[in-house]
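Here you get one chain, nothing else, as structure tokens; it is the form predicted on its own.
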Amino acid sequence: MASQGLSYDGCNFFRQRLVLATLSGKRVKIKGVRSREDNPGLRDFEASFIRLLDKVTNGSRIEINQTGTVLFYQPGLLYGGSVEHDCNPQRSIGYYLEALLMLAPFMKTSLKATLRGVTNDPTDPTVDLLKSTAVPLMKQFGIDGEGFDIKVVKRGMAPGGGGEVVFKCPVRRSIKPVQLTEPGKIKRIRGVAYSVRVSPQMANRIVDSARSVLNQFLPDIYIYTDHMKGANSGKSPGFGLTLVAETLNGCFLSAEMSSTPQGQGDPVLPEDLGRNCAKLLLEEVHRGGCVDSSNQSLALLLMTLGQQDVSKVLLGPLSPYTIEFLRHIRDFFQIMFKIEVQKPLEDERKGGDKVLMTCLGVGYSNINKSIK
């Protein structure tokens, strides 16, 4: 398996390809990276992501041509350990953390990663969202242990950054199969309204406007306010809201919104942000499934690398990112999912067709043997 290589064109789904190459041990070549643009080649945040991969692996070989339009990546062994990385402020820490969440359980030693940069921006999943949805999802697959957590030490809004996050994850030799087919009813909603370098009253205004929408549906709502000051508040002003709905069966659905970065676009009122974020959460609940749309690919990867047993997960409508992820799993692991579309009943006012994904795990230890 290690001798085989894959070749792709263009910079789309860049992280997916490098993460799956690292886990499968297959080398990958990516050609034509923005070759037709005025400013061709890899962007700074993509180069920063490659450096992070190099830090958590041992013996990786990375070659980039002079213009940055061709990348060759031969993965080394996933080592882990203690890592510090300054993330490029063009993308938030969530961009880098999503990949680490996929890699961390399969490393040789438990990972402690200190990431610095932008913690919250409107483009990528924020650190708060990953902490409240991805971590509980991984625990369902048996990835648990002392200190498994994402901790926000300093907050940093776009574009200046200045935030710091510590991510700790234990090593798991085997991932247990899951049967997540019944999401259950929503029992409570929790959230975090954060504000930095603006009045603390902003967070309270966000909470009030979000509650005005959500209280029509559910009484058990608690939204924390998080106002960091001084050195812990980063370099740019901003505010935002992350909401998470928990079901009776322990599934988590989430939504989030952040204010527009300083000096970019139209300013956002905290009242509008709170209301719109609450409506986004209701839309996510409307879509249904046991995993929210931002964590679909993480669930599918853990199903693929789980023990050689059948896993089932019910998802809402698949996002375009997830559809491409399934194609890449087929390329790197030769694994195909059985997909059953569940049409909603006529008397049920639910959003879109749900998708039941069934997969026979390949077992990560088996991949390791074939690499050696």
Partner chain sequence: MAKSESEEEAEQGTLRWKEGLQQKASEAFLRQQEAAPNLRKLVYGSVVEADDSEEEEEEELGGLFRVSRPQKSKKFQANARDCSRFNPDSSHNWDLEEMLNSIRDCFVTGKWEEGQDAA
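Numbering follows the first chain given and starts at 1. In this text, all values refer to a predicted model and were calculated from it rather than measured experimentally.
What comes next is about the form predicted in complex with the partner chain, which does not appear here.
- Looking at 218-226, 198-206, 265-273, 159-167, the stretch with residues near the partner chain in the predicted bound form, meaning non-hydrogen atoms within 4.5 angstroms, turns out to be 218-226.
- Contact annotation: of the candidates I339, A47, I62, V310, the single residue with a non-hydrogen atom within 4.5 angstroms of the partner chain in the predicted bound form is I339.
- Here is the short version: of L103, V285, V244, V192, the single residue with a heavy atom within 4.5 Å of the partner chain in the predicted bound form is V285.
- For the chain shown alone, R34 is a contact residue for the partner chain in the predicted bound form, at least one non-hydrogen atom being within 4.5 angstroms.
- The partner chain is not drawn, but in the predicted bound form it has a heavy atom within 4.5 Å of L326.
- Under a 4.5 angstroms non-hydrogen atom cutoff, the partner chain in the predicted bound form has I335 among its neighbouring residues.
- Although the partner is absent from this view, K279 contacts the partner chain in the predicted bound form, with a non-hydrogen atom inside 4.5 angstroms.
- Residues P122, T123, D124, P125 are the members of 102-125 with a non-hydrogen atom no more than 4.5 angstroms from the partner chain in the predicted bound form.
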